[in-house]
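What follows is one chain in structure tokens, specifically the form predicted on its own.
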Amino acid sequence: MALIGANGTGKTTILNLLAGLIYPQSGQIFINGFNLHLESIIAKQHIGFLPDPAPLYLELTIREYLQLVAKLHHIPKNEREITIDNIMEDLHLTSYQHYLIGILSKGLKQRIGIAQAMLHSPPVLLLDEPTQGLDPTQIEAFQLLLRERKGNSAIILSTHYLNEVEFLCDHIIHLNHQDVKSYDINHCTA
């Protein structure tokens, strides 16, 4: 699902609500059947989140950072390194794995942020403008990776790129300052 709309219409706020960073003034949010407010630790284990900007420790190498993320997500010790190797390969980070994150380009930092969100194969993946800062080749590779994972995760992303919406999404939520419209892309109905 894509969240689209002008800046300031609430795309990031919705993602922050779904990630449990802010709580709704009314109503409840359930992630995989768990109440995000009452069972936040369990609910958040089912979420992979890429905020804007990505949460990175600039003094760590890519591998060290992903090892930390793997531990935080309780990936079994005997599976960590292969899981990290796989996500680095998927996002073309392997050749940079021993570089300090702080010296890397914006595009590489964005891919590291994507890697941390996807590392534990979450059933719910929340991505705030994931292709921002990526070059066209990286965008294409990332979009293909997301398409592969569509069947395994509910993916909600915010974007300003309509070609990305067409390629990746089945559903659109269009936000503007007056109202919200929902569209099913496959059937072109409002």
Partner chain sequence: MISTIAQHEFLKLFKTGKIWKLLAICQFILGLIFYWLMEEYLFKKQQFLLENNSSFGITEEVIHPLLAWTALLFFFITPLLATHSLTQERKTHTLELYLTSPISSAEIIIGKFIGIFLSQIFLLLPVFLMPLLIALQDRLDTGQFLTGFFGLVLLISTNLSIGIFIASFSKEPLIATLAILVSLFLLTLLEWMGRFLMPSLHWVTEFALLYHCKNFLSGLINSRDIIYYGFLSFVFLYLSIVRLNKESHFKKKSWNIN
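Fair warning: this is a prediction, and the values are worked out from it, not measured in the lab. Residue numbers count along the first chain shown, from 1.
Omitted from view is the form predicted in complex with its partner chain, to which the following refers.
Partner contact for Glu140 in the predicted complex: its partner chain, 4.5 angstroms, heavy atom: Taking the distances in the predicted complex, the answer for Glu140 is no, it never comes within 4.5 Å of its partner chain.
Lys109: touches its partner chain in the predicted complex, heavy atom cutoff 4.5 angstroms: Heavy-atom contact with its partner chain at 4.5 Å: absent for Lys109.
4.5 Å heavy atom contact, Gln178 to its partner chain in the predicted complex: Result no; Gln178 lies far from its partner chain in the predicted complex.
Contact of Ser153 with its partner chain in the predicted complex (heavy atom, 4.5 Å): No, Ser153 is distant from the partner.
Interface stretch in the predicted complex with its partner chain - options 131-139, 161-169, 52-60, 144-152, non-hydrogen atom within 4.5 Å: It is 52-60 that comes within 4.5 Å of the partner.
Contact check for Ala6, Pro122 and Val124 against its partner chain in the predicted complex, heavy atom at 4.5 Å: So, no: the whole triplet misses its partner chain.
Any residue of 1-36 that, in the predicted complex, places a heavy atom within 4.5 Å of its partner chain: Read in sequence order, the residues that approach its partner chain (within 4.5 Å, in the predicted complex) are Thr9, Gly10, Thr13, Ile14, Leu17, Ala19, Gly20, Leu21, Ile22, Tyr23, Pro24, Gln25, Ser26, Gly27, Gln28, Ile29.
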